[in-house]
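As structure tokens, one chain now follows by itself in the form predicted on its own.
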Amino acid sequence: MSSAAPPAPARHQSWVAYRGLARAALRSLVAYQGAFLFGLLASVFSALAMLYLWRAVLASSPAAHGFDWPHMRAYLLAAFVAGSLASSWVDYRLAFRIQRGDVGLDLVRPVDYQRARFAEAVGFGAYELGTGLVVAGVAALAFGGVPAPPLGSLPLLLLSALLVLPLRFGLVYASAMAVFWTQNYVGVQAGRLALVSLFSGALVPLAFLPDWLRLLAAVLPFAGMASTPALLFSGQLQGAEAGAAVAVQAAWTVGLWYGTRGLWRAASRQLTVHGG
């Protein structure tokens, strides 16, 4: 499938098509939200467990690695909201589309496959973000509120927040491509989730890791999926260090986007269509 830029009228038609895909994805999630909400419930229990755990830890050590309890609350809730994007709903949909062979029909549609899937992720993301913010807001009220992010960090926080969805999508999309070779997604997904849990800082802030592991995590794509926006929101990341972290996040977002385009070209050659 060519990635060359289409002429202006075709670009407008493509934009209308992608917007329609995003709208259809959002409507499908609203219509069949039971499975999504059960999945969200597991994340909510996990977030509550982390809040109770860290409250107990910081009760005996009020400021560990620069985190006191109010700022840890802010960090964990921001990481929860970031983690709610490109959820397992998007994850399985991408993989099952390939596993069931629906991707064969996608190839004859006059839209770019990757952009179409991202448009759907944006549609799902609107609902995922809304539910994530509601849950985080209720949890913040129940646990005594969170401090406001520093005003000086707001531009970088906004940029980092905008990068979370395309970055998470890029990683999920890349792992879904593995189904072309493995024919199964369970092991691939389990491996990716283990890496994300350790290196994204969603469970344990990266400051608590050994120095060598923290430095490694800082240059991997996973930190931008939770740690970077959560640290900016909680005021634990400022100045040049904040700019460098967001630059790494942006570089991985762009790199994964174009890297997975090459991966798609290689993966789609594994597809065999019988008949027709």
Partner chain sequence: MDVLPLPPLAPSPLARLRRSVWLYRRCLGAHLRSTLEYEKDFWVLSVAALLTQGVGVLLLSAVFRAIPQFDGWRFWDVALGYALVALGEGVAVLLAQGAWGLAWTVNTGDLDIALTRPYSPALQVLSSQIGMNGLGNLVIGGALLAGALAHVDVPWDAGRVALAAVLLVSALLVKVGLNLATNCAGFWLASPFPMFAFSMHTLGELARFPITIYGMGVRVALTVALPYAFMSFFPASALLQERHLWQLGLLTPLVAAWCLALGAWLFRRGLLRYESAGQ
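Everything numeric here is computed off the predicted structure, so don't read it as measured data. Residue numbers count along the first chain shown, from 1.
Note that the form predicted in complex with the partner chain isn't included here; everything after this is about it.
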> If you check in the model of the complex, do 53, 181 and 187 all have a non-hydrogen atom within 4.5 Å of the partner chain?
Replying inline: yes
>> Counting any heavy atom within 4.5 Å as contact, can you tell me which stretch out of 22-30, 205-213, 220-228, 235-243 lines the partner chain in the model of the complex?
In response: 205-213
>> Can you pick out, from 141, 107, 158, 195, the residue that has a heavy atom within 4.5 Å of the partner chain in the model of the complex?
In response: 195
>> With the partner left out here, check for me: in the model of the complex, does some heavy atom of residue 70 sit within 4.5 Å of the partner chain?
In response: no
> Is residue 49 close enough to touch the partner chain in the model of the complex, meaning at least one heavy atom pair within 4.5 Å?
Replying inline: yes
> So in the model of the complex, does residue 191 come within 4.5 Å of the partner chain, heavy atom to heavy atom?
Replying inline: yes
> Is the gap between residue 250 and the partner chain in the model of the complex 4.5 Å or less for some heavy atom pair?
Replying inline: no
